[in-house]
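Next up: a single chain in structure tokens, the form predicted alone.
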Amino acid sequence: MTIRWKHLIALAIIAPLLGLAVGWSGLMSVRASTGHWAVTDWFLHWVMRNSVSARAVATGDVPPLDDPALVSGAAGHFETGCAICHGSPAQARPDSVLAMLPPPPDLKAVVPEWTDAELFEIVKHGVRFTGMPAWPIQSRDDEVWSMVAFLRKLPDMDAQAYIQASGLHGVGHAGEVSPLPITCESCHAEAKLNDGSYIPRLAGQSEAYLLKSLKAYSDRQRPSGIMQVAVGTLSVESLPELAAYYANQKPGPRADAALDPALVEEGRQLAEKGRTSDKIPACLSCHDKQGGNPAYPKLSGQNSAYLQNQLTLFQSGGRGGSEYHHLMTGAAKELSADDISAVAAYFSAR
């Protein structure tokens, strides 16, 4: 029998109509309780793995992920947004989650199967048809890499290590994590921070700056997947009270960081004088200035790693905030990587 063009055209018309008829009939089951056929389960996972692997090629260079400072903020976010489905070393997944189709995997078992670039692809973009969401803010690759760094540590974490990293505030009598265990102090407690922390010190910042920052996160004007999830659990009415609390705190004692005196001096020159040839203003003309604008953050004593990261975000245009953030975008534009390290070292030591 010869297959003619009219046969192919008829098939092209009939096949989708037949598919629509099957869908309309209700014969196709969407019950999660019945599970997938083995071949369906294999096919979906096969497609997923091929898709992730293909797109991971375009990820680019993988940054160093062995910095312990990357873990803390990501661990807190994991407890807030991920552990409910994937479980954690401190608490198993509930039965209701295990009844999902497909059930979220135990990450301690599956993380070693993926490369760093593949984990980045999954965390940043999520996975369709599984309930795995994309990262809340697509412009913050630095946060996504922090989560990848945390996931690399997760398989070897016991409950105590996880509680310490995530900032959980204790375990209930039945051995389960207490409700609402994550607070601002889980990440921002002075005792948890050092000069290598990417999490900022809030104690002693002005109430005006803190309130503007919280509102900027809430209004999605300052990009951060971690902070937008955290602030999203708070009412707008509670933000002034939270800002006032940290504004009234006194910064705690901190260990002296091992900073290069020459680098600190270079930073001092930029902070005090700027560099007119590159149109870089003096940092101290706005920041830490007596009688200055209270909406500008205080930089002295801030963590060097945090300052470097924020300046890099300003430089790339990835740092929003209050109505003044464009001033810093312009000021940071001509800073070199060495300039950023020097300025961060100076204010950290100041």
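From 1 onward, residues are counted along the sequence shown. Since we're looking at a predicted model, the values are computed, not measured.
The next section is about a form of this same protein that is not shown, the form predicted together with a small molecule.
Looking at Pro200, you'd find a heavy atom of it within 4.5 angstroms of the small molecule in the predicted bound form. Within this chain, Leu311 lines the site of the small molecule in the predicted bound form, having a heavy atom no more than 4.5 Å away. Within this chain, Gly301 is remote from the site of the small molecule in the predicted bound form, having no heavy atom within 4.5 Å.
In the predicted bound form, Tyr162 stays away from the small molecule, with no heavy atom inside 4.5 Å. Only one of Pro155, Gly204, Pro104, Gly196 lies close to the small molecule in the predicted bound form, with a heavy atom inside 4.5 Å, and it is Pro104. Listed residues Ala149, Ala90, Val264, Cys82 were compared with the small molecule in the predicted bound form; Cys82 is the one with a heavy atom within 4.5 Å. For the marked spot (Trp24, Leu27 and Ile137), a heavy atom within 4.5 Å of the small molecule in the predicted bound form is absent from each of the three residues.
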